[in-house]
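Here we start with a single chain on its own, the form predicted alone, put down as structure tokens.
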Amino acid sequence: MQAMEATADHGKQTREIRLVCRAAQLVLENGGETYRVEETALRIAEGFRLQDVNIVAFPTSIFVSVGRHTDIRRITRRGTNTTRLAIVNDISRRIVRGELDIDGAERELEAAAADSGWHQATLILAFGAAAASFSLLFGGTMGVLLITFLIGMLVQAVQPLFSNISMGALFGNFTGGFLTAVLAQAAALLVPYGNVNAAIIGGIMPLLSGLLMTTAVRDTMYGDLISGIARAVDALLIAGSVALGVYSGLKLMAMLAGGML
């Protein structure tokens, strides 16, 4: 009987540790800072009355140690989804308050992970609207706004093509910058709509990684130096890929224009 009870307790603790790791993984995959990942995991562990808990999070991995049991998660997908962050945070607090058992928490976490988020059509419209709005900040006219809106929609429409390939974020941002430069220049040749530079700048602004750089700064300020440096490098690589895409597009259009002359 004692052996059965010990086995049951061990199985229950293993599920709880896996749940802690899963919650931490979701926070890290969806843009949470390192301190937030560790804080959420520790809160859930406290709610389950786990003892001797140690949690270390990096941008690409999570280590959770409870007594002699250690669980490691490799993070291969990163993005930003504040809705998922809010759901996981709510689940962790309900566990602490005793309002949610392990079965309910597992169901809600998996439901949050399976949620596909905003529909692609909504993202296309939002990207176009954001790009058009930025173009106005850089001296664009109504003609520039319309062109940038259309370019932004097209750039977002091609992004899912890179979501399941290696280095997809870099290739997607390079392609976005390239398309923005080419389409803005091509539209200017067909219809003189105004400030081409404003259209290009507005079109690439939603591609840039301002939030990622902000997270890098916050990680560094909280003392998570490795995570802060890694996120800053990630942000710079994304910005560099966008800039390289724009440069390639401008050079291509210059070559084509020279050939036509």
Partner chain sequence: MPDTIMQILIHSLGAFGGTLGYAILLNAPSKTILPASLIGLLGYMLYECMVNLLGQSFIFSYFLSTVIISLLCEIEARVMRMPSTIFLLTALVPLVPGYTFYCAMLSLVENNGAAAASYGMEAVQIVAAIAVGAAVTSVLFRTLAGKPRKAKSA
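Residue numbers count along the first chain shown, from 1. Computed from a prediction, not measured in an experiment: that's the story for all the values here.
A second form of this protein, the form predicted together with the partner chain, is not displayed here; the remarks below concern that form.
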In the model of the complex, does each residue in the set Thr80, Ala86 and Leu123 place a non-hydrogen atom within 4.5 angstroms of the partner chain? yes
Do Leu28 and the partner chain share at least one heavy atom pair within 4.5 Å in the model of the complex? no
Using the partner position in the model of the complex, report whether Phe178 sits within 4.5 Å of the partner chain, counting heavy atoms only. no
Answer with yes or no whether Phe138 is in contact with the partner chain in the model of the complex, where contact means some heavy atom within 4.5 Å. yes
Verify the contact flag for Ile62: yes if a non-hydrogen atom of it lies within 4.5 Å of a non-hydrogen atom of the partner chain in the model of the complex, no if not. no
Using a 4.5 Å heavy atom cut-off, which stretch among 185-193, 69-77, 166-174, 112-120 contacts the partner chain in the model of the complex? 112-120
Applying a 4.5 angstroms cut-off on non-hydrogen atoms, the residues of 22-47 near the partner chain in the model of the complex are Gly31, Glu33, Tyr35, Arg36, Glu39, Leu42, Arg43, Glu46
